[in-house]
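A lone chain, given as structure tokens: the form predicted on its own.
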């Protein structure tokens, strides 16, 4: 038996069957309205909405409960400009040289290109970093030591899903942006060597004239396999 293991009673409220169905259906209907937005209003957003969403993301399960994530929230206009310029520089190269014709064809229905004005227009940018390994200081030597992390990609992916859901529930619009490469984000934001940029998420209210591409999500019978 592991003497380090400790437990406590699970705090769990059992819902009635009617409550379960109602809650499930309400959440599904709400999430079905979520869209990726590229046209943002500059209208201010209450910071508590952002903080609550990040706190929600922090409840995600993670490998060995190591919670290998850092959420950097940016509202500073100068830093947002730096991020936009660096992102556009990388994206321009990608669209003109790195992306295959097949990749560009897949993106064509979405109407994207290397211009990223939303990185300045959105009131907040949330940059999610994956901690590839942990860092601790040896109390005897004062030396920095690495702590192996497990399932970091999966853990951070789950946390980002909760983050996006929470922001949408709060009535905010988001965009998941993954410029490649993303090392410039760690440089601009002064992140330590163990952190790797995972995704860049502009957050705010949609612009009054915002549009989104006409797309269709796969129906349930195409994404779920049931064994009875």
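The structure presented is a predicted model; accordingly, all values stated were derived computationally and were not measured. Numbering follows the first chain given and starts at 1.
Absent from the display: the form predicted in complex with 3-iodo-tyrosine (IYR). The rest refers to it.
Only one of 154, 88, 113, 120 lies close to 3-iodo-tyrosine (IYR) in the predicted bound form, with a heavy atom inside 4.5 Å, and it is 113. A heavy atom within 4.5 Å of 3-iodo-tyrosine (IYR) in the predicted bound form is found for one listed residue only; from 79, 99, 135, 132, this is 99.
None of 27-35, 56-64, 40-48, 172-180 except one has non-hydrogen atoms within 4.5 angstroms of 3-iodo-tyrosine (IYR) in the predicted bound form; the exception is 172-180.
Using a 4.5 angstroms limit between non-hydrogen atoms, residue 150 is distant from 3-iodo-tyrosine (IYR) in the predicted bound form. 3-iodo-tyrosine (IYR) is not drawn, but in the predicted bound form it has no heavy atom within 4.5 Å of residue 73. In the predicted bound form, 3-iodo-tyrosine (IYR) lies within 4.5 Å of some heavy atom of residue 107.
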